[in-house]
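Shown next as structure tokens: one chain only, the form predicted on its own.
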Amino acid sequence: MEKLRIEASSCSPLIDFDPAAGLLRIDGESYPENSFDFYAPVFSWLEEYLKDPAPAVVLDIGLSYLNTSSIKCMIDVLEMLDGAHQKGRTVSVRWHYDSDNDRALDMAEEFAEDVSLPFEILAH
């Protein structure tokens, strides 16, 4: 399976998914004009990848800002990974946030509450 890489822009995050390493990275700010269009290739890639993922999969997130529609898309990504976790796959999340941003911590904690997979929240 091919890597998925979408370069960051002023309003959309870097998407860097490496299937062999099992590392799925999303980094930056997420407020594209149409979040659902932006994340559509992410959903398609992830759906295909989760049919036969690496032995361990880590979603590494460093999002400093998400608009409302991006939050919905992130919930969908987390639910896809949580479903794989519930089927016995080794899946975890590492959410990085700026320690000066309490709202970012609150958002990460809310996401963590919605899934059963291991979810690490890391300040930087």
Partner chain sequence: MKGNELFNLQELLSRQKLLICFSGPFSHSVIEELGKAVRNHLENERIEKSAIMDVFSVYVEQAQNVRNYTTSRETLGRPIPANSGIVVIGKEDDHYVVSSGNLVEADDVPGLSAMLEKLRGLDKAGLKAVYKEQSRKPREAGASGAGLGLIDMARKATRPLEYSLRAVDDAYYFFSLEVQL
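Keep in mind it's a predicted model, so treat the numbers as computed, not measured. Numbering follows the first chain given and starts at 1.
Beyond the structure shown, there is the form predicted together with its partner chain, which is absent from this document and is the topic of what follows.
- Site residues T68, D100 and R103 are all in contact with its partner chain in the model of the complex, judged by any heavy atom within 4.5 Å.
- When contacts are judged by a 4.5 Å heavy atom cut-off, D76 counts as touching its partner chain in the model of the complex.
- Its partner chain in the model of the complex comes within 4.5 Å of a heavy atom belonging to Y31.
- Proximity of S116 to its partner chain in the model of the complex falls outside the 4.5 Å heavy atom cutoff.
- Taking non-hydrogen atoms only, L23 never approaches its partner chain to within 4.5 angstroms in the model of the complex.
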